[in-house]
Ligand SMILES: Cc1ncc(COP(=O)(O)O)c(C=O)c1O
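Take a look at this one chain, the form predicted on its own, written out in C-alpha cells.
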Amino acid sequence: MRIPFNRAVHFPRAEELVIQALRSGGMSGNREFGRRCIAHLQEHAGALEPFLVPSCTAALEMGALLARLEPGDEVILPSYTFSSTANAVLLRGAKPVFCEVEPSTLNIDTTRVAELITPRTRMILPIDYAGIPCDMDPMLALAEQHGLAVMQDAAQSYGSTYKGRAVGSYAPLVAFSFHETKNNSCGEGGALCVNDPALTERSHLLQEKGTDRRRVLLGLQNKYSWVDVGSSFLLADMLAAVLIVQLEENAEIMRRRGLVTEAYERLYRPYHERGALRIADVPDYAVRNNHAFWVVFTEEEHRARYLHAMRERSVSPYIGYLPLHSSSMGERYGYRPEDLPLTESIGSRVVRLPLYAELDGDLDYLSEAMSAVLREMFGA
C-alpha cells in the first residue's frame, strides 16, 4: 500500500456540470457557475463581496493592488509562508518585513508585530497555517491605530472559524486557495473576499483588466473604458463548475478529514506531552478545517530519521515551508538566517503528515506504520 501526501477528492457530479459549462457558450469568468460560487461564498464564508480568481496567488496580488502598495512601502508578514505571499508585495515594489512565528500554531507571532511597524509600513499580511486562523483582533487593532491595511492569507483555512465567525468574513481582505492541495479544489483557483465596502467598486475594475466593463454588463452605460490598473483576475466557468460541487460538499470533506486529524491527535499527542515532539495547540478562538497536521521534532536528525522510516513503509510525509528570510531572495533583501532564529529552527524540524479525505479508509495501516516508527524512535 502506498500513502501519498495529498490526493484531491473527486465528485462525479462535477463532470456533469463541466459539460454543462462547455455547452453553455459562456465559459469565461463570472458566468453561471462562477455566480453560484460567489453566492455560496457570501453565505458560507460570510464575505461581503467575493471575487473568484485564478489562484490564491492572484488573490494576493489583487489585494496588494487594492491596498495601493507602492515602492518604498513595507509589509509585515511571517517568514514561514509560501513565496506567493511575499511575491504579491514585491510585485508592487514594496518590501516584505519578516516576523517570527509562535510555536503553538506556526502563525505569525502577534506580540512581535508592533515592534516592526515603521513610518513606511503600509500593510500587515498574516497567514493561517495548516487551517488554524491567525489571531486577527490584535492585527486589526494595530492596523486601526497606525492606519494600515490588513490582508489575511487564508489559503489553507477555507471552512475554519475565528471567534465563531467564518474566516472569510473577518479581515478587510481575505485570500483563499482552491488549489489541488487544498480541502476544496478545482485544480487551480482562488478567491479574494473583500469586506470593506470602500474597496468593492474598485475590486470590480481590477478584476476586469482595469476597465469598467461590468457597468456595461449591468446596463448602467453603453460602452466601457480603461479607467484603472488591473489584470485578468477571473476564474473560467469550467473550473467554477468543479468548484461549486467542492464547496457544496465542504461539510463532508471536513468531516472525513477530521477523522484523520483525530487519529493523528490520538497517536501524536502523548509524544507531545512527553516533550519528544510538538504538534499544534488549537487556540480556543479557532475551529480548524482539518487542512493539515504538522509535527515539529526536537532535533533535525529526528526529522530525517522519521522521514526515511515512513518512506520505507510507502508513506509520504512532507517537509514544511523553507523560511523565506533565509532563502536566496530573502538574502537579496538583506536578511540572514540568524535574524529569525525560531522560524529558522522550526523550518528545519517540521514535518507535515499525509492528509486528504479519502485517507479515512487507510487509517488502520497508516496508524500502525506511524506507531511502529514512533516506538522505534522514542519507545512505547
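Counting begins at 1, following the sequence as shown. No experiment lies behind these values; they were computed from the predicted model shown.
Although not depicted, the form predicted in complex with the ligand is the subject of the following passage.
Screening His272, His179, Arg112, Arg213 for any heavy atom within 4.5 Å of the ligand in the predicted complex leaves a single hit, His179. Here is the short version: of Ala149, Val245, Ile127, Val101, the single residue with a heavy atom within 4.5 Å of the ligand in the predicted complex is Ile127. Contact between Asp237 and the ligand in the predicted complex is not found at the 4.5 Å heavy atom cutoff. The ligand in the predicted complex is not approached by Gly159, whose heavy atoms all lie more than 4.5 angstroms from it. When contacts are judged by a 4.5 Å heavy atom cut-off, Leu60 counts as touching the ligand in the predicted complex. When the ligand is considered in the predicted complex, Gly131 lies well away from it, no heavy atom lying within 4.5 Å. Stretch 82-90 is the contacting one of 221-229, 82-90, 280-288, 113-121, since its residues have non-hydrogen atoms within 4.5 Å of the ligand in the predicted complex.
Heavy atoms closer than or equal to 4.5 Å to the ligand in the predicted complex belong, across 37-59, to the residues Ser55, Cys56, Thr57, ordered by sequence position.
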